[in-house]
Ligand code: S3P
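Listed next as structure tokens is one chain, alone, in the form predicted on its own.
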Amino acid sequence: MSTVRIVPAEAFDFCSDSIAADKSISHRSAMFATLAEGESIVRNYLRGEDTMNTLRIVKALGAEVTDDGETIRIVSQGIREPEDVLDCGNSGTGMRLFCGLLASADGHFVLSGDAYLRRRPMKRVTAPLRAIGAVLDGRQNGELAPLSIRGGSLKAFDYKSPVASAQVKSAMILAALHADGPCYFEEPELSRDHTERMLSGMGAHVRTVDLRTEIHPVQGLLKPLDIRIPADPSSAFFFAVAAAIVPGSRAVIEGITLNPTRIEAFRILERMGADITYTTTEDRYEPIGDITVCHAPLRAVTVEENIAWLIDELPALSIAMACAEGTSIVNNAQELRVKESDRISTVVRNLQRCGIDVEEKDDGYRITGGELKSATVDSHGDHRIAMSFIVAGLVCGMEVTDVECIQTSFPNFFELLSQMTEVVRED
């Protein structure tokens, strides 16, 4: 199990156009290419373990995939039955979206993944898909992978989701594209909308008014993608927090998506007092631009709205809260308990090891800012926990164990971090 030791950082001026490409959009670009007629072109695809698994699955489903190291070209001949189990690795996004994509495809498909993914709940997707005719099963009556799918005809639906989840919504939208009539999906609050934006750009009829999305079945194939994947706000946010908590520091992240459903964590950091500016440079499938973050004294904040927009960034935000003046509160974040780890418990336990006063709640936590102290913390195989506490180490020094998981989403994380401080690997 690999361990890293982080040395406290001096003031830094960081600028990068090589933050990891957006994981969510990378997954979707590969999957959605299977629905297109002609050649889809994808530039700056994230070359993390999870997204490369998705690309391998797309190839196993019959797509012709060529990759020159910079541009990926995908030509689909329609989805075909694979010869083997489809390995999603550590990706809940991959597994849940493939359920929707394959629910109407001709053939039999088995989705599996690593030990962590096989423990994550899947019934939030399998249950509504079954309700519209999908033949789908798994361990514990469809709650756990491996999942078995026998594609077939699907019924039109009007589904009200009990959770705000872009993964659930995307799975149902993909299923709706081949249902027998117009479909409607409603969620309690608006979750990330990459699927709607991208499929609309490909010619699908997907329209959202307030919290209700209308999807019409497609006739034939969609237009191919021609997309450059922007930088991932969830990955960039680690460096935003780093700049916010190390006095005298600045971070400039270039070529990042400025989609409002993806930069909520930056808005929260602004509310805490960080000096942040946004510059838009283009807008096709997604608004794209640059974000600059400068250090400033941070103050406590209560976070309880738009949780679906910042669920991945909350572990890193907890580090900013630990450095802020006052007591910060996170509510309505039960979803943190069913991510790669129980992120409520892991954040609380690890911050306590760092000498911070933290109270765990069913749906979040209370963090009273104080002086972070050096400690040894366990990531529990969760890439976002690992990177969050590595960033905390920029203030006080830190040893973080089980960091191989970072490869799933941010392969060049340590390369970029080394511009700020010394990183000692202990394999």
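All residue numbers are counted from 1 along the displayed sequence. Note that this is a predicted model, so its numbers are computed, not measured.
Not pictured, yet referred to below: the form predicted together with ligand S3P.
Visitor: From the list Thr93, Ser76, Thr208, Asn306, which entry has a heavy atom within 4.5 Å of ligand S3P in the model of the complex?
Guide: Residue within 4.5 Å of the partner: Thr93.
Visitor: Using a 4.5 Å cut on heavy atoms, which of His108, Arg119, Arg124, Lys160 is close to ligand S3P in the model of the complex?
Guide: Going through each option in turn, the one that passes is Arg124.
Visitor: Just one of 81 to 89, 110 to 118, 311 to 319, 173 to 181 has heavy atoms within 4.5 Å of ligand S3P in the model of the complex; which?
Guide: Looking at the other structure, the answer is 311 to 319.
Visitor: Even though the partner isn't displayed, in the model of the complex is Ala166 close enough to ligand S3P, meaning a heavy atom within 4.5 Å?
Guide: Yes, Ala166 lies within 4.5 Å of ligand S3P in the model of the complex.
Visitor: With a cut-off of 4.5 Å between heavy atoms, is His295 one of the residues that contacts ligand S3P in the model of the complex?
Guide: Output for His295 is no: heavy atoms all beyond 4.5 Å of ligand S3P.
Visitor: Is there a non-hydrogen atom of Thr408 within 4.5 angstroms of a non-hydrogen atom of ligand S3P in the model of the complex?
Guide: Flag for Thr408 set to no.
Visitor: Heavy atom to heavy atom, is Arg228 within 4.5 Å of ligand S3P in the model of the complex?
Guide: Heavy-atom contact with ligand S3P at 4.5 Å: absent for Arg228.
Visitor: For a quick check, can you give me the residues of 173 to 209 that have a heavy atom within 4.5 Å of ligand S3P in the model of the complex?
Guide: Contacting residue: only Arg192.
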